[in-house]
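A single chain, nothing else alongside it, follows as structure tokens in the form predicted alone.
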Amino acid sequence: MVVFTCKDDFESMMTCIYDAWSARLGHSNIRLQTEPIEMPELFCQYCYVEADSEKTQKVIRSIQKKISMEAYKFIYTAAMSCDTDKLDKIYRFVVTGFSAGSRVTSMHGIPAVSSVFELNRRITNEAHHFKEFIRFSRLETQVLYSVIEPQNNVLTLIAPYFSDRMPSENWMVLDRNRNLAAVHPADQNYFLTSLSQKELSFIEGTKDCQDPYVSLWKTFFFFFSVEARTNYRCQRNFLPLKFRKNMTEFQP
């Protein structure tokens, strides 16, 4: 078994798919996996692949032309997953897609398709939750910012939503788990950038503690709750605990 490995980013994964396919070792004789490899297996040959923009574009064009744009969107979203086997699942989906064509996205009875569909479902659900539960605070520089800790890399799904709704605001959404930030200058397009732990701590340390909207939001949350009808189990169904640690109304 030959295991092709690469970094956990979209360009590296597309390059890995290109090299694995070009090796012509037989689809059953190879496996694809993102770094880091925590438990190397015996009798496996590991082949690390560096990102290559030209190979990436070839794979993207082939998927869009020979399968469909919808299939490419499936693959792009699935690549954001935290699943350690996502790259191999995407590869099997691509192999099936090149054989079946555009109808592959509706062939949910095939494991190679259903596994990628499940990755998409989990990622889009998490992104949808963050669109609802993100709370912005204000820095001393009057920039709006929010800190999130998602399981999957959903920033590229979240950022367009807030860019459309707050086009004239300076804001940032920080992914603490990956040290990434979506930065939106007022009346411009947003961009993604990596942050060091020091930079992330500095940003959080410049929070405006006198921001009146924080108090207003907490007051709204307190006065509109009905103590006699409190149901914490029901609340957790609508608002899971993992989202609350970065939400304004639950902060001390």
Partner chain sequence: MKQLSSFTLEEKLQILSDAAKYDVACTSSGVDRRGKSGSLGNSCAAGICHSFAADGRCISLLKVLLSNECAYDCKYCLNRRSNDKPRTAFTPEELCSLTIEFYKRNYIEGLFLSSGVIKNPTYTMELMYQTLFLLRNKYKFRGYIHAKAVPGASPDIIELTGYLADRMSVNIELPTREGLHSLAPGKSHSAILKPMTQIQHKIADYRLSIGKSAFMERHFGNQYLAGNIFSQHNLHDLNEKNPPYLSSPETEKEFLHGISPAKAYFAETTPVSSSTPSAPLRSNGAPRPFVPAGQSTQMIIGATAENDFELLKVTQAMYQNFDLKRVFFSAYIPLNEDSALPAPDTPPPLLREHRLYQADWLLRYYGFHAEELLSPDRPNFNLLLDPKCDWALRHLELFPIEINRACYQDLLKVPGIGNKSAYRIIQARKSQKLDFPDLKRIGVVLKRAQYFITCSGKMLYRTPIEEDFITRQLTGEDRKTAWELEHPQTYRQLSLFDDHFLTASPTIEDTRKSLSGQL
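Positions refer to the first chain, counted from 1. Predicted model only: the values in this text are computed from it and were never measured.
Missing here is the form predicted together with the partner chain; even so, the following discussion is about that form.
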Self-check item: 4.5 Å heavy atom contact, Y91 to the partner chain in the model of the complex
Solution: no
Quiz item: Just to confirm, Y213 within 4.5 Å of the partner chain in the model of the complex by heavy atoms?
Solution: yes
Quiz item: Is there a non-hydrogen atom of I134 within 4.5 angstroms of a non-hydrogen atom of the partner chain in the model of the complex?
Solution: yes
Quiz item: Would K73 count as touching the partner chain in the model of the complex under a 4.5 Å heavy atom rule?
Solution: no
Practice problem: Please determine, with the chain shown alone, which of 64-72, 223-231, 42-50, 197-205 has non-hydrogen atoms within 4.5 Å of the partner chain in the model of the complex. | Solution: 223-231
Exercise. Go through N189, T219, T193, N29 and name the one with a heavy atom inside 4.5 Å of the partner chain in the model of the complex.
Key: T219
Quiz prompt | Proximity to the partner chain in the model of the complex, single hit among A112, I148, A79, L144 (heavy atom within 4.5 Å) | solution = L144
Practice problem: Give a yes or no on whether every one of D83, M172 and L180 sits within 4.5 angstroms of the partner chain in the model of the complex by heavy atom. | Solution: no
Quiz prompt | Members of 156-184 lying within 4.5 angstroms of the partner chain, judged by heavy atom, in the model of the complex | solution = Y161, F162, D164, R165, M166, P167, S168, E169
